[in-house]
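Just one chain is shown here, as structure tokens, and it is the form predicted alone.
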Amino acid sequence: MEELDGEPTVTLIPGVNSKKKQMCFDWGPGEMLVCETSFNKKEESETKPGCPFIYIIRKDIDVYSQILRKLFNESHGIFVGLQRIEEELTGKSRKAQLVRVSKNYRSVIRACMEEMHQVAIAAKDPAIGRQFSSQVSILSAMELIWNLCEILFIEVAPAGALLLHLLDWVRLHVCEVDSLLADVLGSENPSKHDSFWKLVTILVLQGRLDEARQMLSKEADASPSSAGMCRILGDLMRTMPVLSPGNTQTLTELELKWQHWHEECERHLQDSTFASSPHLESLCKIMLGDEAALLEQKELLNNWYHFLVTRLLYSHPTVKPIDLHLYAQSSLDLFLGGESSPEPLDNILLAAFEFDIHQVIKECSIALSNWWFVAHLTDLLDHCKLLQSHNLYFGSNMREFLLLEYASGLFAHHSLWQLGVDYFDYCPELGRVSLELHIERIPLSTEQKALKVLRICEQRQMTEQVRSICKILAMNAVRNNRLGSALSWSIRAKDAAFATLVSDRFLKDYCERGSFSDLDLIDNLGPAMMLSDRLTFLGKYREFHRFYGEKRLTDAASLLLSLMTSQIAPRSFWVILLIDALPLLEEKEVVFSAEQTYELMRCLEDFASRRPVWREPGVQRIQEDVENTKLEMLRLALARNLGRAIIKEGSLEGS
């Protein structure tokens, strides 16, 4: 088992004193409940009042940020699109598509970062403003790391082109120079501006030599004494060999040209061409890649990786990817000078320059507050076939592990859980099991939300979860006395026991009101009525009422008799069925045949013999007297009908 790189961070909970009180906690999928118990560590009998609250400690608080939710939503679409086009990616088009996907991810990060920056500026509360500014810094670092990984691992830029990509990388993330350039050029006399030489130096440090030449031309126009020196330095800037994207020259040709150019710069410096102008001389030393001159500009370079790229530009323009880590480590050491220790961001960038992908992911997992970055970056690198050999000790690969962690965090949010479903879908080993576990914990606060969850489960043939959700919805409907909805959900859940329970409620409701509710549902049960005997009885009993209403008396009589003889009717309902036979027995035309009448008599006597006898006066005794009266009327009606039926059948036989 892998060991921890350091001690885990301690989370302080206000109001809770873990030194004096014993703590109680319970883990959840995305959070933990913590509270004090009535026991203390010394096991003393007396208990003192402690903290009366239960605290919820969340693992991924970033999902509750309104702005970061846009990051999660936008990146979800990019992620799903990448999984779907995976089979279509081949050859050169594959690399171009993957680079495009990477740029899409970065554009989402930048858009989110810019919005966060605007919110930080507009914040009235300084504390909230600092909080948003901190988040901007984190997003900026994420985009910086992603961009470098794109250059090194996805673009896989070769020597020559590699430096061009790194220059763009630095320019994109050190953007203060553009506002400074606008400020200087907007003044009446740019060359006399306080920040003129600072601007020119930054432009040279970033390799923006065309813009630096333009600035030097303004200095030459304003100061005739330095015009010659500005022209010479400007020519050196113009003639510096650079491998442009459309250029066909080889690296060897570039190195030869660059060597001649470098010697010319050295000659001018040795000849003291710029001796009378310290600024121009300093610029010439920078263009020679002089480390001392570069380190003098630490404030303008801001960070060691800017120092690295500038150093490579003017000393090793054809650096190979395999040698990057040597220059990166030495640049970091030179820039820090032993005065401070590397920050987490420094370690991540250094690992990237060393082409240690797994260390990059590991360091980012430790440093960042959520799994969004590492999950999406790892997925993209996995599509680049860079992580195929790395399996984790507990059975899953790194990509799947990080996607599972990220999706679990999304499920802690009341609406983002829907995004998490797709991430689980694209985890072939443990995604299905994880989705089943998490989807069962979603609070079904509204029927609309429950229908969303149900649709997701049905699309994935998650039978047990479908049944569970339908049963929950059926139970909620019963509590709210919505029997039609309850019956519908119990049928959908294929839960015979619950369907029986709801059917009993329908029959009880009928006994109290004398009519059925939700007739459309009961009339259209179809094959679903076979789910349980009680549901079958409910559907058939309603069908009997429909036959009677349509004057299909013979059909109604046959159905009523079959309901009594099939034993599917609840015994408590037999008296109602028998009484329902009275109107049919009293019809002018004979409805029940003699044989059917005998069957009704047998049912009547069977029911009468099993009835409880109430010997004491009371409500039950009164009800019994009423039933006895009805049954006597039924016996008379049956006797009359039997006589009529025998006469009718006899006359038919005689004829």
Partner chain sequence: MDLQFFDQERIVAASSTGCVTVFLHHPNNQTLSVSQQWTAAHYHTGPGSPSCGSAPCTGVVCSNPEIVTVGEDGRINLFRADHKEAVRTIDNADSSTLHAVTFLRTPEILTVNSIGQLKIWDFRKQGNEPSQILSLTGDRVPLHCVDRHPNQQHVVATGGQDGMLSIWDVRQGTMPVSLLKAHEAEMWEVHFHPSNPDHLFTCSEDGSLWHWDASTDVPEKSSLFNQGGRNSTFLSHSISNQAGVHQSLISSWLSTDPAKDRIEITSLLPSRTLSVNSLDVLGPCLVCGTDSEAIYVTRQLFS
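Under this definition, the rigid core comprises the largest set of C-alpha atoms superposing within 1.5 Å between the forms. Here the structure is a predicted model, which means the values were calculated and not measured. Residue numbers count along the first chain shown, from 1.
The next section is about a form of this same protein that is not shown, the form predicted in complex with the partner chain.
Which one of these stretches, 452 to 460, 428 to 436, 107 to 115, 567 to 575, sits within 4.5 Å of the partner chain in the predicted bound form when only heavy atoms are counted?
Looking at the partner contacts, the answer comes out as 452 to 460.
With the partner left out here, check for me: in the predicted bound form, does some heavy atom of residue 447 sit within 4.5 Å of the partner chain?
Yes.
Decide whether residue 484 counts as a contact residue for the partner chain in the predicted bound form under a heavy atom distance cut-off of 4.5 Å.
Taking the distances in the predicted bound form, the answer for residue 484 is yes, it comes within 4.5 Å of the partner chain.
Residue 344 near the partner chain in the predicted bound form, any heavy atom under 4.5 Å?
Because no heavy atom of residue 344 falls inside 4.5 Å of the partner chain in the predicted bound form, the answer is no.
Any non-hydrogen atom of residue 408 within 4.5 angstroms of the partner chain in the predicted bound form
Residue-level check for residue 408: no, no contact with the partner chain.
Just to confirm, with a 4.5 Å cut-off on non-hydrogen atoms, which of 120, 416, 177, 384 contacts the partner chain in the predicted bound form?
Looking at the other structure, the residue within range turns out to be 416.
Which residue, 524, 562, 244, 187, is the contact with the partner chain in the predicted bound form, using a 4.5 Å heavy atom cutoff?
The option sitting close enough to the partner is 524.
Three residues, 479, 492 and 520; all within 4.5 Å of the partner chain in the predicted bound form via heavy atoms?
The answer is yes; 479, 492 and 520 each reach the partner chain.
Threshold 2 Å Cα movement between this form and the one not shown for residue 183, core superposed:
No, shifts by less than 2 Å.
Please say whether, between this form and the one not shown, the C-alpha of residue 281 moves by 2 Å or more once the core is aligned.
No, its C-alpha moves less than 2 Å.
Determine, after fitting the two forms on their core, whether residue 422 shows a C-alpha shift of 2 Å or more between this form and the one not shown.
After core superposition, the displacement of the residue 422 C-alpha between this form and the one not shown stays below 2 Å, so no.
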